[in-house]
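What follows is a single chain, given as structure tokens, in the form predicted alone.
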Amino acid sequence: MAYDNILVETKGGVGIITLDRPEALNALNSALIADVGQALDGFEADENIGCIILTGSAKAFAAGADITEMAPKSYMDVYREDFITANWERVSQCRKPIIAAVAGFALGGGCEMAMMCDFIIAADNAKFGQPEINLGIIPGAGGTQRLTRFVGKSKAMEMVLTGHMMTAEDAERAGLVSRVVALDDLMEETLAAAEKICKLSQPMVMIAKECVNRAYETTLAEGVRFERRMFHSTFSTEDKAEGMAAFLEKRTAQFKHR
């Protein structure tokens, strides 16, 4: 399928979505968000895809939401259409793992979209920020919530209240990104991580993702109880039997994803 605002390709079992509005530093408008949602729907339905990469350009992952689209909107406009809620959260709702490969600017909605992914690998030129306060608004796609969970109250408060940008190195130290790599190595390193995930049992990967996400949504006791029950459920699968047999027989497991 052809898209106007993104590029979509597959490499083995990895689905790759590249934001492609270079004239606007990949600013996120409704058409682009709709394209991303459709591409994710396709990858979710494709049994051959085990992991997804979301990326942008060397200059910008995404420089924020499209101000030209937002500026004319009134309170009633955004309230009645439930602006952002309707489709932006599709990234966070994907059951298959999504890795954000971030280079350049990830600001406002761009930072929020990266945080919706399961983890972030950042190029050494990446910059993260929530500058919405400079526009007379606040973050609206999870910036005050996910950022605080990732980097803590003090750093998040400074970024949200002042528009301060965090470098890739600072983001790694704060726990916002999993690691920082050279810009020229970004896609190679991200693909290597995605391909490693693709070799594993897809149901186990989805279960593990669900368990980690539950840690942010419940108490420790309830989270551990959920994890325990999901752990027990894995013992009913063919992949559990294959994985343990392969370990004992000192061979590579051949998962059937069931």
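We number the residues from 1 along the sequence you see. Given the structure is predicted, the values throughout are model-derived calculations rather than measurements.
Another form exists, predicted in complex with 4-(N,N-dimethylamino)cinnamoyl-COA (DAK); not displayed. Remarks below refer to it.
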Practice task
Place 4-(N,N-dimethylamino)cinnamoyl-COA (DAK) on the shown form using its pose in the model of the complex and a superposition of the nearby C-alphas, then give a one-word verdict, open or blocked, with blocked set at 3+ atoms within 2.4 Å of backbone or C-beta.
Solution key: blocked
Practice task
Counting non-hydrogen atoms within 4.5 angstroms of 4-(N,N-dimethylamino)cinnamoyl-COA (DAK) in the model of the complex, say which of 76, 71, 182, 137 makes the cut.
Solution key: 137
Completion exercise
Per contact check vs 4-(N,N-dimethylamino)cinnamoyl-COA (DAK) in the model of the complex (non-hydrogen atom within 4.5 angstroms), the hit among 77-85, 166-174, 153-161, 92-100 is 77-85
Practice task
May I ask you to check whether residue 27 falls inside a 4.5 Å heavy atom distance of 4-(N,N-dimethylamino)cinnamoyl-COA (DAK) in the model of the complex?
Solution key: yes
Problem - 4.5 angstroms heavy atom contact with 4-(N,N-dimethylamino)cinnamoyl-COA (DAK) in the model of the complex for residue 209 - result: no
Practice task
Consider residue 147 of the chain shown here, and say whether it contacts 4-(N,N-dimethylamino)cinnamoyl-COA (DAK) in the model of the complex, taking contact as heavy atoms within 4.5 Å.
Solution key: no
Exercise for the section: Report yes if any heavy atom of residue 141 sits within 4.5 Å of a heavy atom of 4-(N,N-dimethylamino)cinnamoyl-COA (DAK) in the model of the complex; otherwise report no. Expected result: yes
Exercise for the section: Flag this candidate site as yes only if 122, 189 and 196 all have a heavy atom within 4.5 Å of 4-(N,N-dimethylamino)cinnamoyl-COA (DAK) in the model of the complex; otherwise mark no. Expected result: no
Problem - Within 4.5 Å of 4-(N,N-dimethylamino)cinnamoyl-COA (DAK) in the model of the complex: residues from 53-79 (heavy atom criterion) - result: 59, 63, 64, 65, 66, 67, 68, 70
